[in-house]
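A single chain comes next, written as structure tokens; it is the form predicted on its own.
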């Protein structure tokens, strides 16, 4: 199969870097996003997210004519979908509305011989549902789940496995799990990824590929839950958890992760619930890990309230709003949730510090007791300093600026 033209649906933290990397390999890429502002930004050769090296790649590929953004799908050889899969309601049920909407929109331009790849992290069976939605829209074409291996359209699942802040490098270097709905689908999808992937492209089926991504993040979530639970126990015993972990990790077969204020992001904080939702009676360990990590922000808030109970109208500096260090991604961020919950008390004056964004996020904008502050200004006036994210700017905080402050450090950055 020739890959002259790729349509990337979704130009967020995964879609745009993938589009840019493909375009840098001289493949013509049409990026599709419902956000007109993002589309206009990309077509100027600029980016609307923070990711190292991405700005250079987008600028070059737009200038060379290999990358272009628009708001509606166009005809192509390959369609790659990287849209959100949030929860539906409060019971952690997967919401596939974005995938369904994107699927039905691309169906209008689908042609015999096309390849459709779902990259969105999804519950097991989502790729099959995508094929079903396409078949409903295009009864004139045949699809893998209708007729087996020989079909007009090839369909596969290939989950992204990159770390924010290192996306461009990891898109190229990391191994990829490629699960087609048939062996033929897998083979064709593998040919596409080999255009830019230096790691191994490992073949499987779509259901196993979907479960692989969920399993990877559920495993990490369980490991983080152990560290977070350990930090709470150490707090009660007056033990420095970071020193303890450092000592325990000197054992040749022990590798305890670092605790934090919770777990955030579009993957680890979400994916395990897809398994738990499908198998609530069996996935007990994963459920408990999710509850521990989701509960860590409440522990942090209890420590803050204990520290300021004797202070009237306290000034609380919240250092960090992103879900991990040195990025602007606020999705499922426990740091943002802690800041928001503290600001619910109108007697608290919150100084929100996030060096990777330019203004307060929407959830904090209309709160009169929240101020978007620089680090220096916040440290000057705060009664309590809460370190929520290990941004590089916070690692270099001078000791004399916080020596007389009450500091609650959830990251181990303050020594």
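Since the model is a prediction, treat every value here as computed from it, not as a measurement. Rigid core: the largest C-alpha set superposing within 1.5 Å between the two forms. Numbering follows the first chain given and starts at 1.
Just so it is clear, the following notes concern the form predicted in complex with a small molecule, a form of the same protein that is not shown.
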- Item | Among the candidates 186, 103, 85, 217, the residue which, in the predicted bound form, approaches the small molecule to within 4.5 Å (heavy atoms) | 217
- Query: Among the candidate residues 195, 163, 72, 109, which is the single one with a non-hydrogen atom no more than 4.5 Å from the small molecule in the predicted bound form?
  - Reply: 163
- Message: Residues 208, 272 and 274 are flagged as a possible site; in the predicted bound form, is every one of them within 4.5 Å of the small molecule by some non-hydrogen atom?
- Response: no
- Query: Using 4.5 Å between non-hydrogen atoms, is residue 118 touching the small molecule in the predicted bound form?
  - Reply: no
- Query: Closest heavy atom of residue 321 to the small molecule in the predicted bound form, within 4.5 Å or not?
  - Reply: no
- Query: residue 142 near the small molecule in the predicted bound form, any heavy atom under 4.5 Å?
  - Reply: no
- Message: Can you tell me whether residue 263 touches the small molecule? I mean in the predicted bound form, with a 4.5 angstroms heavy atom cut-off.
- Response: yes
- Query: in the predicted bound form, which of 274-282, 297-305, 128-136, 253-261 comes within 4.5 Å of the small molecule (heavy atoms)?
  - Reply: 253-261
- After the core is matched up, is the C-alpha of residue 325 off by 2 Å or more between this form and the one not shown? yes
- Query: For residue 133, is the CA shift between this form and the one not shown at least 2 Å following rigid-core superposition?
  - Reply: no
